[in-house]
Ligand code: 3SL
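A single chain comes next, written as structure tokens; it is the form predicted on its own.
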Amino acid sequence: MIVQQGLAGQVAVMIDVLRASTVIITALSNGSKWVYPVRTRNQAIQAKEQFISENPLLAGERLGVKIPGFDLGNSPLEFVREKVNNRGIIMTTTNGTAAIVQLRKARRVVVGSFINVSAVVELVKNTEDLLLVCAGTKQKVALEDTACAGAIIDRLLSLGKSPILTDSATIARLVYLHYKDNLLAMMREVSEHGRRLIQLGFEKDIEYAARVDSTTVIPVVETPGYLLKKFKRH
């Protein structure tokens, strides 16, 4: 098993803890039929026409706040069962959905966050060629995404796996080991993006995102169409 850069033929885990990954996992946990990630607002509106017979919801943010005219923003607390159950969601965010779109050539795309980290590890533990993709913030490294990737790596090692790690993977694990007992404090006080979300009034989103293993739901991309659905074990 190799944790490295690359794409073709790989299983990729997309990580955007604050907040796209956490939102997608939550939406599917609360009964959403699928999530369709797109890059832009206009693509989201066009996609709604494509799926018009299914009456999907539009969700997304720019600069951390809900896009005007959309049904939902990018707070996991919005994606309650009463709103999303049995509904499809077309979603565009600044970082996370763009990262998923960029991974379309991967053999499988999995969405991971702290809230489903153990389930993700169980799914990918025997993967030969694994890519961990941290969405980051505005094309910059995000501390919380790096720590989550490190958590996946550390748990794989604890299972007796012997991955060949790149330097970036080793750094991610060291970041996780440094903060593993204080993940919430890290996201509240140290993470640049976390501090910005608090300024915007989304501190409860951070508390929610720090609930390690609060669900076992794993979103995976299903082709054709690149819809994210819950992984079903056979």
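Keep in mind it's a predicted model, so treat the numbers as computed, not measured. Sequential numbering from 1, following the sequence displayed.
Only in words, not in the display: the form predicted in complex with the ligand, which the text now covers.
Only one of these stretches, 79-87, 118-126, 159-167, 94-102, has heavy atoms within 4.5 Å of the ligand in the model of the complex; which one is it? It is 94-102 that comes within 4.5 Å of the partner.
Selected contact from Ile67, Leu197, Ala47, Leu58, since only one has a non-hydrogen atom within 4.5 angstroms of the ligand in the model of the complex: Of the candidates Ile67, Leu197, Ala47, Leu58, Leu197 is the one lying within 4.5 Å of the ligand in the model of the complex.
Answer with yes or no whether Val13 is in contact with the ligand in the model of the complex, where contact means some heavy atom within 4.5 Å. Close contact is absent here: in the model of the complex, Val13 is far from the ligand, nothing within 4.5 Å, heavy atoms only.
Given that the partner is absent here, does Asn74 sit within 4.5 Å of the ligand in the model of the complex, heavy atoms only? Output for Asn74 is yes: heavy atoms within 4.5 Å of the ligand.
Indicate whether the ligand has at least one heavy atom within 4.5 Å of a heavy atom of Leu18 in the model of the complex. Yes, Leu18 sits close enough to the ligand in the model of the complex that at least one of its heavy atoms falls within 4.5 Å.
Consider His193 of the chain shown here, and say whether it contacts the ligand in the model of the complex, taking contact as heavy atoms within 4.5 Å. Judged by the heavy-atom cut-off of 4.5 Å, His193 is in contact with the ligand in the model of the complex.
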